[in-house]
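The data below hold one chain only, encoded as C-alpha cells and taken in the form predicted on its own.
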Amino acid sequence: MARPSPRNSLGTMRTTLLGALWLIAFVVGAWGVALRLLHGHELANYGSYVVWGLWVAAYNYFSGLSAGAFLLSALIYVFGSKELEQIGKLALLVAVITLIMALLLIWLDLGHMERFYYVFTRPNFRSLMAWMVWLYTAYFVLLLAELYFALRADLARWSARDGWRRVVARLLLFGRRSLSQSAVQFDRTALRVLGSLGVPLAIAFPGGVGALFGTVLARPYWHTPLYPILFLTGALVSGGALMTAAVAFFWPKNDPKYTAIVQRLSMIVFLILLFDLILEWAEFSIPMWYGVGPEFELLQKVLFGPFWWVFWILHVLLGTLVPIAIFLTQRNKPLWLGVAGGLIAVTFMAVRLNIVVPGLIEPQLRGLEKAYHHEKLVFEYVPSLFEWQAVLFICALGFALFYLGKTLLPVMSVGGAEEGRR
C-alpha cells in the first residue's frame, strides 16, 4: 500500500488548519452578529459624539477593495490588457464578494436595519447618501451581469461534461449554451460595454465617498480637496494588492503565465502605492508645516497619540515599507509578492480607521466634553470586541464565498480565453 507523499500530507494539514481557523472565526463572528440583532448598538463603543466607528471604516475599506478589483478587470475587458487577460473573471468575482461584504457592514451600522428598503420606496432625491445607495445597486447588478458574460463560454463547456459541473453550468447559463463564434463575440462585446459603464461607477464610489468626507466644512480634519483622489488611489492600491495576493496564493501554479501575471500585478500596485504616498505626504506635511490649527492637533494625535502604532506600525511599516522592500528584492518569487500584496491589502484597514475616527474625536464646541456626562457622550473611541466580532463574521463569510466561487465556477480556468477563440 502506497504511503502518502510528504507534500500531500503537508497540504492536508494546511487545509485542515485553515478550515479550523475559518470555523472559529465564523462562530465567534456569528455570535457578534447575533448580539447586534438582539441588542442593537448597545454594545458598540461609539456614541452621540463619535457616531461612526469600525463598521463605517470597514465599509469604506471593502468598497474600495471592490472598486480596485473591478478597475483591474476593466484593464482587461475594456482596455484589452493581454498580460492580465486570464485573471479577469477572478477580478470580477473578488469585486462582487468585497462589495457584498461592504454592504453587509454598512447594513449592520444602520439604526433600523429593517428599514433599508425605504431608500427605494420613499426616496429623497436631494440626499447624497440615497444616490450612493442607488449607484451601489446599479453597480452590483452590473457586476453580476459582467461576471455572467465572462463565465458563460466556460460554463457552456462545462454543460457538456458529466458530474456536478454540468449541474452548476445548466443552472447558471439560462439556456445560452452556444459556443459559436457569434455567441462568444457577443459575450466580449457585452463585457466591453458593461465594463465601460462600470468604470465611471467604480471611480465614483471611492471618489464620491472621499468627496462626502471632504465637503464636511465643520470637520477640519476631513475638509480637504485631496480626499476624492486619496480614496480613489487607496481603492486602486488595496484592490490591486488583494488581487496580487489572491493570484499568488490561489492561481494554478502549473499555468506557464503564473509568475508573469503576479509580477505584472505587483508592478501595478507598486507604482500606484508610490503615487498614493506622494498624496499622503501632501495631506500630512502641509498642515504640519506651521504647527497650528485644529487639523494639526488631530494629525498630532494620529502620528504621536495613544494609537500612534496604527499609523507607524500597521500602515507605514507593515503596509508600506515591508511590501516595497519585497517588491524590490523578490521580483522572481511570486509567493513573496503575494505576501507583499496581502500585507498592503490587510493593513489598509488602518488607513480607513485613521480617516474616519480622528475626524470625530475633536469637540466642535470647546468644553463640550465636560458639559455633560454619560458613557455615550465621550470624544474617545476604541472598537469594542462586539464590533470586531461582526467584522470577523463578514470576513469569514467573504472567504467562504471566495472559496465556493473558485471551486464551483470556472474563474481560474487556465487557457479559457484561448479556448473561447476557437
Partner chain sequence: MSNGNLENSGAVGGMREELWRLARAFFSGLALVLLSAQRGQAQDPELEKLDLPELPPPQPNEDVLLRMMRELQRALQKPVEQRRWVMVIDLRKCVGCHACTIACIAENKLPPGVVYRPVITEELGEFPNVSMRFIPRPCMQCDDPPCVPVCPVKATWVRPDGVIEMDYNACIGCRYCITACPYNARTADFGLYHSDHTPQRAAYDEAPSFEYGRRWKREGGNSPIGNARKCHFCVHRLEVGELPACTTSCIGRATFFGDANDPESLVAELISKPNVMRLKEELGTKPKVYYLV
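Here the structure is a predicted model, which is why all the values come from computation and not from measurement. Numbering follows the first chain given and starts at 1.
This protein has a second form, the form predicted together with the partner chain, left out of what is shown; the following refers to that one.
- The partner chain is not drawn, but in the predicted bound form it has a heavy atom within 4.5 Å of residue 35.
- Contact check for residue 217: a heavy atom falls within 4.5 Å of the partner chain in the predicted bound form.
- At the 4.5 Å threshold, heavy atoms of residue 196 stay clear of the partner chain in the predicted bound form, well away from it.
- The closest non-hydrogen atom of residue 47 lies within 4.5 Å of the partner chain in the predicted bound form.
- Note on contacts: among 137, 181, 124, 332, the single residue with a heavy atom within 4.5 Å of the partner chain in the predicted bound form is 124.
- Put simply, of 309, 116, 290, 275 only one has a heavy atom within 4.5 Å of the partner chain in the predicted bound form, and it is 116.
- The candidate stretches are 337-345, 248-256, 217-225, 140-148, and the one lying within 4.5 Å of the partner chain in the predicted bound form by heavy atoms is 217-225.
- Taking the partner chain as positioned in the predicted bound form, the residues of 351-365 that bring a heavy atom within 4.5 Å of it are, in sequence order, 360, 363, 364, 365.
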